[in-house]
Structure formats: C-alpha cells, structure tokens
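Have a look below at one chain only, the form predicted on its own, in structure tokens format.
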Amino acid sequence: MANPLISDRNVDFLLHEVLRAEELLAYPYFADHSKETFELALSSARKLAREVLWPAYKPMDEAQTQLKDGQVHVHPAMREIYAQFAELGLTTATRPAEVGGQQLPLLVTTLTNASLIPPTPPPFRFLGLTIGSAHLIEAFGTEQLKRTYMRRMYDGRWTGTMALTEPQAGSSLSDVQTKARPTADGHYLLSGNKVFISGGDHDFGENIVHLALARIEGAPAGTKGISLFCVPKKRPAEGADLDAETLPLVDNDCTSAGVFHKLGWRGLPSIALNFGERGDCRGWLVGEPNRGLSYMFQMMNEARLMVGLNGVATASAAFHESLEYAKTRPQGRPLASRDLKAPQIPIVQHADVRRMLLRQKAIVEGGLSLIAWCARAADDALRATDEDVRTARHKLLDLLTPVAKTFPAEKGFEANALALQIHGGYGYTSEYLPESWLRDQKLNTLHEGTTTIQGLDLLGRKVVEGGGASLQALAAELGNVCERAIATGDEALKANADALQQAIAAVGALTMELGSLGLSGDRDGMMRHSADYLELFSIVVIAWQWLLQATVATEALAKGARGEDNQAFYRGKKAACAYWFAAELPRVAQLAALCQSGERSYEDVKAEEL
C-alpha cells in the first residue's frame, strides 16, 4: 500500500526512546529476550499486517457474518488469518513459558498489536478475546480445566469469549439471571440467555469456550452472588483422554440464537447465545463460588486497554489515509493568489486542512503514547523485583484505565470524522475507506463499559480511593516530566510544564471538592458532571504524554539528530505538543468550573419535556 496505517517510526520512538523497553530486560521474567527479539516481533507483525490483514479489510467489511442452520459463518479469510496469529505465537506472546508462552513484555506486544489492528480489527478481536478468556482459566481454573481448555486456546485450535451481557442486564451485572444448577458429577447445568457475545460462534476453529457469568441456585442477590463458569460450545466426550492430540467432542447445548447486524466491525460476529435449551448445557466452575465478577475484572480491565488500542489504531488508519490523500489531492489555489490559470495545489497546503491533520495527529499519537505507557506500567506492576514499584505502578494503571479506554474511543471518533472531512464528498462514499473506519470506531465508545460508566468509575472510585493516593502518585509522575522538560532549556516546554502543573493542581482541588460532596451524603452532586470530569482528566493526562514526547524529541534534536526526515519527525512532536497545550489544556478550567457549578439542567429536565 502507498502509506502505512500506523507510523512505524512513531512506534519505534515510543518503544525505545520514550519508554526504553530495553530496561525491562533487567527483570528476570524477560531475561531471555533482547532488543533483537523485540524487533523480530514487530517486524513479523508488520509483515502480516500489510501482506495478509490489509487485503482482507474491505471484503470483511462488505460481507456481514451469517447464521445458517444454527452455525455462524464468517469470511473465509478468517481461517488463514487466525492460523497465522497462532503460528507467530501471538496467542501466548506474554504468557509464561510453563504454559507455552514467550514471556514478551506487554509493552512490546501492545505496540506489536498496534500494527496488527489498523488493517482490519475483527481478527484481532478474536485473538484478544481468546487470550483474555484463556488467561482467566490460567489464573483461576483447576488443572483439569487448564489441560482441557486453556492449552488448546493458547495453541490456537480453540477460541474464547467473555459472556456477560443479558437482554435485561447490559452493564448492570447485578441483574444477571443465567442459572447454574450443581450436579453430583462435578459440573453445573446452565440455563439462560446472553447477548452481544463477540466471537460467540464461527466456522473456522474446532471449538469455542465461553467464560460466562451465572448465578448458582441459592446464591446471594446482586453482584455478590455471581460465579464464573467455563462453558464450551462442544464438550469432551465421556471417557475421552483429555491429553490426546485429537479430543473427541460432543454438542454442549450451547447454541447461537441469532446474529446482530452491526454498523461496523462486520467481520466479527456478535450473537445471541442460549444455554440449556435441552437441559444439557454443562459448565465448570472457575475459581470459588460467588466470586465470578472479581475474577472477570481481570479480563475486563485487559479488554478495556485493548479497546483503547483499537480506538487509537482505527483513528491511526484514517489519519494516515487522509494525510496521504491531502498530499496528493489538488484543489484550489493559495488565498493570496489571483492567477486563476495557476495550477491547483495539494489540499495539504491549505492551513485548515493542516489544522485537521494536526488535530488527528495529536489525538492518535497522544492516545498511543498513553496506551503504551500503561503497558509499560503493567510490566512493572507484574514483573519488577521491587515490591514498592509493583504496588505504585498497579495503582497508577488502575487509575488510568478509564482514560486509556475512553479517550482513544471518543476522541478517536472525532479524528475519524476529520479524516472523512478531509476527503470531502469522496469520504462520504463507500468507495473510500474513511466512512468504514468511522463506523468501526463508534463501537469503541460502547463495549467494555460505556463512556458514562468509565466516568462514574474514575470519579466515584479511582481518584478518591485511599484518600486520593493514586491521584497524588499521578501528580508526582507529571511533576517528574515537568522537571525534565524544564531542564531542556526550551522556553516553550517550560511554559507547557508550568501550565501542566497548574492543571493537575486544579484537578486535585476539584477532586477534593467533589469528594467532600460524596462524603457529606450528596452522591448525586458529586457525580452529576462525572462525564465532564473524565474529559478534563483525559485532557490533562494526554497533555502529560505530549510533554513527555516533546521533551524526548527536544533532547534528541539537541544531541544532533541526523537526517532531515528524522529531524522533521521530532519537530512534528513539538508541533503536536504545542497544539495540545494551546487548543486543549485551557479547556480544563472551563470544565472544572462546570463541575463545581452544580449545574443541573439535564438532571432536572423531565422526560415529557424532552
């Protein structure tokens, strides 16, 4: 293809210059790796993305998945693609060697995945769901579940899903009604209905394993009575050798009831799933009874970061497509030109087109920087030898997850719309790709917790836990970057650092004020503007990431970065940072004032008045 869907140079910049991946080699878990193995993982993913995934995007988008005779059929290319995922070891890239894993850092695999998603998101979603559900069995399942299900999911023969949502219980998991009845044989009989199960059925793999939430008979009401079950589409035949290479399977009364026809992500089936229509759907308890939701949060948090990466990648594809289009599409003449016979100029030479491109760049590369930072924090939280480092990084990762999920989705949708705008009338047609990426992007604001839920989580729990300890840790992290920026001697970066320190102080003061409302019993007053709080918090977090990137770029230029392309890359980082601080950071004050005002128009308006 003529242009990349994601900048390889930017990925390398984040991996080696900003987040210094080689430092992770000091952790024993990563001791067998090197910079060369990191580069091999990246180059293999890039080759697969451009030679296999990219050609499949348009055909998958144009062919909706179909349910025929109880079987969901996906695009034929999915079989080859998923087999190549497994062949490259992507199903176990970060997992320990004892389960067949490669023990790669999450930072490396996240940026590897950033190359895989833009060409076509649906195959990667199959991969991510399988990794997450297999990891649940690895973490909480019995040895028999690991032997039977986990290893076949990790080796790529079986896929997995998370089955949470029910018709009457979307995000309200306390209302889950799927029932689980214990039997004398050690398994449970499940009955109930799930909806919007991504990857819940297909025709390219041997089996599908659902990690499902259900309520054991007699369990407490609410979330405290939810358990986690392993529910395969097909179960091993009675008496089968679980260690056999070929495991005989029988139907498990777990059926596809319908396929939802979606706005985007058309290559990934989203289905209605019925358990136990014939009374013989068997499930096996994962972990302890009534602790299913706490277990599932492992996969949900992983999935939220994956959604954030999806959002960045989808926006990146549209950004680079619109950048290439703007460089090659002639239209109009300079405003100062009066010669109508002069040749037209590429639209990238019009300032307002560059405005839209720079905004896309600021969103895409700021969002990817945050996702990559979170991946590096997860590596530290899981693998650092210092317990204090592990604890501190875990708290920051927990705090930033709502932002890392939401910012790339919400602002990514805006970036996708700008890409379509740059294409003009052509962008509004299906002959060009921006309209399909715009459709794909919208899902990222909805699944794995809507933007509303992320705002409630951030303000209602994350920033106030432990007396605001995580927020204080974030302020310290931002302070370190500000000091580094000031040390460069660059006056613009110094001004940005001062502005960022003022902004995080304003966030701290606002959080204390809203938190005091909650402590006084005015929970509604505290949470009334949680969506606005999430937005202003996100603006500050992305400003931090841009100051970090611009500081590294400034240091590189000061050391004499070679080559015009290289220097232009670093200058581009500084330009995007300047844009974010000038155009976005000032909005924090306005949003904070709105949160403090107690403005309640949409709380007071009555349904009949709308």
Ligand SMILES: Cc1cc2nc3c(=O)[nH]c(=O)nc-3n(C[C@H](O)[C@H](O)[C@H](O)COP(=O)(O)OP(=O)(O)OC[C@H]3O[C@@H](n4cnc5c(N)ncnc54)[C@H](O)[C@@H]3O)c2cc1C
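We number the residues from 1 along the sequence you see. Just so it is clear, the model here is predicted, and its values are computed rather than measured.
Although it is not shown, the form predicted in complex with the named molecule is what the next lines describe.
Interface residue among Phe85, Trp284, Tyr325, Phe196 relative to the named molecule in the model of the complex, by the heavy atom within 4.5 Å criterion: Phe196.
For the options Ala409, Leu136, Ala163, Ile422, the one in contact with the named molecule in the model of the complex, meaning a heavy atom within 4.5 Å, is Ala163.
Mapping the unseen interface onto this chain, Glu448 counts among the residues with a heavy atom inside 4.5 Å of the named molecule in the model of the complex. Though the partner is left out of this view, Ala492 does not reach within 4.5 Å of the named molecule in the model of the complex, counting heavy atoms only. The named molecule is not drawn, but in the model of the complex it has no heavy atom within 4.5 Å of Lys395. Arg266 falls outside the set of residues with a heavy atom inside 4.5 Å of the named molecule in the model of the complex.
Residues of just one listed stretch (511-519, 317-325, 167-175, 379-387) have heavy atoms within 4.5 Å of the named molecule in the model of the complex: 167-175. The partner is not shown here, and in the model of the complex the stretch 85-109 never reaches within 4.5 angstroms of the named molecule through any heavy atom.
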